[in-house]
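Quick setup: one chain, the form predicted on its own, written in structure tokens, and binding and motion questions come after.
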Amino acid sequence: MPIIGIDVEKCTRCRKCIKDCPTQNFSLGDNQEEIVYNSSRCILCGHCIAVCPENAILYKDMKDEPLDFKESQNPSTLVSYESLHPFLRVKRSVRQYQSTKLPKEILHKVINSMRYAPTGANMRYFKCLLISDDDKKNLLTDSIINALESRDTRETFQNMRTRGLDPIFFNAPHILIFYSKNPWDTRNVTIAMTYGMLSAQSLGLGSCWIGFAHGVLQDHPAIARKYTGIETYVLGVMTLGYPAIKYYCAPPRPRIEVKEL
């Protein structure tokens, strides 16, 4: 297991790991002084690492390093509500893109931000397929249109294709397809994609959740296998690129009805 125990020389017995571990892997030893770690139920969430003020949690092979800085103890010092709220509100689903391909380092920044999205029981099975090749994107677009159940929608989209338009991916330079062996990963992918879209916005990029593509690839595994090589469950599809449109305001939205008990 990546978390292998406690450095007893560093440990001050503050018991924060005992209180914060969601699966109760930490407990007091028989002498009621030493803290004991039991790995049998560990879900690798890292709460113990994050909450330990003495960096006394021992771990290995977690494929990442902890982010250790003063502001992490109070995230509100990083971004205030007054800054975050308008940033969230101006998020738009972009359907007009420049043809310019994104640099790899920018793509990796967006994808990397998704790895820190919260997931149920800390399960992290989902993977991402990045499609940037124009020919492959066009083949995928046409296969999705041809598989649409609604005849009217299918014919409308096919007519748009004859005019050089892309009604599925909107000629975005990049397509990200998320898939997993676990169909219950749908919610996890939804959260991760939201992280990615907000990260993309901070980099001056546009993004859009593509429901038509998600639906067809989910309902037609043969199409997914043929055009993407994905053998498991397709759980989300989004576009990414430099926007070719500028928005001048954030439109109004209805209030969420709240019932208090």
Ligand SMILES: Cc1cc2nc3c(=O)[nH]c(=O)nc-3n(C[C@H](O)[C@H](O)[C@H](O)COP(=O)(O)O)c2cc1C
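Numbering starts at 1 and runs along the sequence shown. In this text the structure is predicted, and so the values were computed from the model without any measurement.
The form predicted together with the named molecule is left out here; the points below concern that form.
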*Hey, in the predicted bound form, does F170 get a heavy atom within 4.5 angstroms of the named molecule?*
yes
*Using heavy atoms and a 4.5 Å limit, would one call Y227 a contact residue for the named molecule in the predicted bound form?*
no
*Would F212 sit within 4.5 Å of the named molecule in the predicted bound form, counting heavy atoms only?*
yes
*Answer yes if any heavy atom of N138 is within 4.5 Å of a heavy atom of the named molecule in the predicted bound form; otherwise answer no.*
no
_S132, N122, T186, S93 - the one with a heavy atom within 4.5 Å of the named molecule in the predicted bound form_ = S93
_Exactly one residue in I223, C208, I49, I35 has a non-hydrogen atom within 4.5 Å of the named molecule in the predicted bound form; which is it?_
C208
*Segment assignment from 138-146, 176-184, 124-132, 93-101: heavy atom within 4.5 Å of the named molecule in the predicted bound form*: 93-101
*Does any residue in 231-255 get within 4.5 Å of the named molecule in the predicted bound form, counting heavy atoms only, and if so which ones?*
R253
